[in-house]
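Just the one chain here, laid out as structure tokens, in the form predicted alone.
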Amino acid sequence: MHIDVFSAFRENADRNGILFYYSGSLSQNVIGAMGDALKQRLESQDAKGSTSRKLFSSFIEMVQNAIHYSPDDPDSNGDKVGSIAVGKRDEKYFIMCGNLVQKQHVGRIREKLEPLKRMSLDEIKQAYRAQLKNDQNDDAVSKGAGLGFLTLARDSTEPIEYALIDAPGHENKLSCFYLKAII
């Protein structure tokens, strides 16, 4: 990478309010280190208690999902990889995560997320409580049966956004899954 490209990257991140960004291999150790760095960054921003708690909870939910549900990256020695960004714009924080998912799960992910985009906060809270009480998991793939998505939707001040895009070079097997929450 040339210095001018890096300079443009940094300036673009600053213009878009990016406070924290990571892209690369994901592991529990990496999550721990990122969590410590994010906490320090939020303290320097004077993030309020509940906002900071919701933001950190959303961060953990997203990166844990990336580790648990991403296939090994075929282009990086089989590591699980992902990207995460946390930023602030117009007095609200945003958090975005991107990771690979197997193409066969794209429909299942859409089925879980589309209803959340249309639900009111009260409906999301009701669905969250119902899922907590539900001891049957009808989803053979998801360990939480969508509880993580409900947690993100509950903590978000706006409907969560997502995108599923063909993974370049692996269009038949993998998709890139992007998720955004505003806190």
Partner chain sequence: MNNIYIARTSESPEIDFNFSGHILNITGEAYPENASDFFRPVLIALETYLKSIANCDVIFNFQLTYFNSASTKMLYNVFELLNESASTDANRIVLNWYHDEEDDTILEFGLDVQEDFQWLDFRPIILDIAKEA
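Residue numbers count along the first chain shown, from 1. Predicted model only: the values in this text are computed from it and were never measured.
The following text describes the form predicted together with its partner chain, which does not appear among the structures shown.
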item: Contact flag, I60 vs its partner chain in the predicted bound form, heavy atom cut 4.5 Å; value: yes
item: Contact of K133 with its partner chain in the predicted bound form (heavy atom, 4.5 Å); value: yes
item: Distance check, I31 to its partner chain in the predicted bound form, heavy atom within 4.5 Å; value: yes
item: Contact of L38 with its partner chain in the predicted bound form (heavy atom, 4.5 Å); value: no
item: Site test, K88, P159 and K180 vs its partner chain in the predicted bound form, non-hydrogen atom cutoff 4.5 Å; value: no
item: Contacts with its partner chain in the predicted bound form - residues in 53 to 83 whose heavy atoms fall within 4.5 Å; value: R53, K54, F56, S57, I60, E61, Q64, I67, H68
